[in-house]
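Okay, here we've got a single chain as structure tokens, the form predicted on its own, with questions on binding and movement later.
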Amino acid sequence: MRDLAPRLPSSPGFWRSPLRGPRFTSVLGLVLLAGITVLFVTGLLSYAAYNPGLSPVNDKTPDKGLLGFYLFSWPTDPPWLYRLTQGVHVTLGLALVPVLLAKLWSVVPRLFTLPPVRSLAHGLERVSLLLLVGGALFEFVTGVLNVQLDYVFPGSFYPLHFYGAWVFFAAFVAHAVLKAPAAVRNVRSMRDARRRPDAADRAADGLVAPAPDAPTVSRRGALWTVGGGSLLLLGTSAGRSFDGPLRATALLAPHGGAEPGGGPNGFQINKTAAYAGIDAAETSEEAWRLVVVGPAGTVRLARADLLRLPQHSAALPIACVEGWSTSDQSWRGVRLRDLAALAGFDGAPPDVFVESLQRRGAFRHGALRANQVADPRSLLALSVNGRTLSPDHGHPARIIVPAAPGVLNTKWVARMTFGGLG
């Protein structure tokens, strides 16, 4: 027993928790295997939703090279697509935080085992483990900071999170290939009543303490605790993807809790007019003009001119990269394809470059693909829910497009250039 006395983290007796073991670790690992795969896929979809290949203003991750092999033109149907994919991405990511922390805690002894490399397979496993741990912490920390604090991490969130995701997922796949068969065997052995409860654990190298402390909770109890933590985070964040009473349950999430106001304009926003640096004088009926540019030349339209054009309605949500969304709001305004015709495009409408009066923050400009312009529900909205847009919702005019990320639904629109991207 003297040889087992704790000295350094590499000593067998240093780690004394009776909860660690391959079965405990395997259950957590299999949950993460499914969850992180969904996170990775929905994250890639979120990046595709920005149509980064369309214009540099949409591409916040330049020089991605082969990593952008999967990009495609983002569709407009179903109109709630981005609301679903990004809501799942962020809410699931938050819910998996307790599972990730428990998993990292369970394998800490393996980070200190000596010798560091015993074979080629062991060396590959060690490298994948180090990249996995570092990548997981980086991705979850940057993601949570972006959701909770409007991002305070040094550097741009988009490229850091994008490249970090690829590094992390590559390590994750390598580690899963190496460890998944053993994880499945360990979980199956938990249901084998004929097997001694700790037989597999005793045979494991580096996880089970040779001289464990007395248990204060069972491994099953620990798993229930981790699961309860995940359910708590799920229950206090998922509601921000809904309006009404469910939003009030999102106690720990930005854009959760009570609605920001009452009336037709009393639904969630991300940037206020004050934050964006909008001057009320320049958005007044007398001063504001929409500049529309195309083959027919340059047309300047007052808000009254826009109201005289054919008006159309569309019921569409707003969904943001931070994972929050609104339910369908009733928007009314001029179809983008009608503005394209006014600019000189009588046939199929082209892409459009949209510029805002916004002075601060990202996405002061945005580009929309031709399929988004052509959709009859895509509007330059002038009112919402039967009332004129409020300043915070983009008065005098804003873009609303089905299934597009919220930042591409540009507010305080000042200029639209049709066919100016190619």
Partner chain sequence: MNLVRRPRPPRPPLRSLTGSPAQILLLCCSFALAGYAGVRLLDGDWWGVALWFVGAALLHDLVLLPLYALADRAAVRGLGAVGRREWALYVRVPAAFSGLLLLVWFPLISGRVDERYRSVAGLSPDGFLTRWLLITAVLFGGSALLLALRVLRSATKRRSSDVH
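If you're wondering where the values come from, they're calculated on a predicted model, not measured in any experiment. Numbering follows the first chain given and starts at 1. By rigid core we mean the largest C-alpha set that fits within 1.5 Å across both forms.
FYI, the form predicted together with the partner chain isn't displayed, but the following is about it.
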Which of these residues, Leu130, Ala315, Leu114, Ala281, gets a heavy atom within 4.5 Å of the partner chain in the predicted complex? Leu130
Among Val141, Leu246, Leu307, Ala287, which has at least one heavy atom within 4.5 Å of the partner chain in the predicted complex? Val141
Please name which of the stretches 45-53, 379-387, 350-358, 60-68 has residues with heavy atoms lying within 4.5 Å of the partner chain in the predicted complex. 60-68
So in the predicted complex, is the partner chain close enough to Thr272 to count as touching (4.5 Å, heavy atoms)? yes
Can you work out whether Ala296 and the partner chain are in contact in the predicted complex, taking contact to mean some heavy atom pair no more than 4.5 Å apart? no
Is Val167 a contact residue for the partner chain in the predicted complex, using a 4.5 Å heavy atom cut-off? yes
May I ask you to check whether Tyr163 falls inside a 4.5 Å heavy atom distance of the partner chain in the predicted complex? yes
Contacts with the partner chain in the predicted complex, stretch 72-104 (heavy atom within 4.5 Å): Leu94, Val97, Pro98, Leu101, Leu104
Using a superposition on the rigid core, decide whether the Cα position of Ala214 changes by 2 angstroms or more between the shown form and the other one. yes
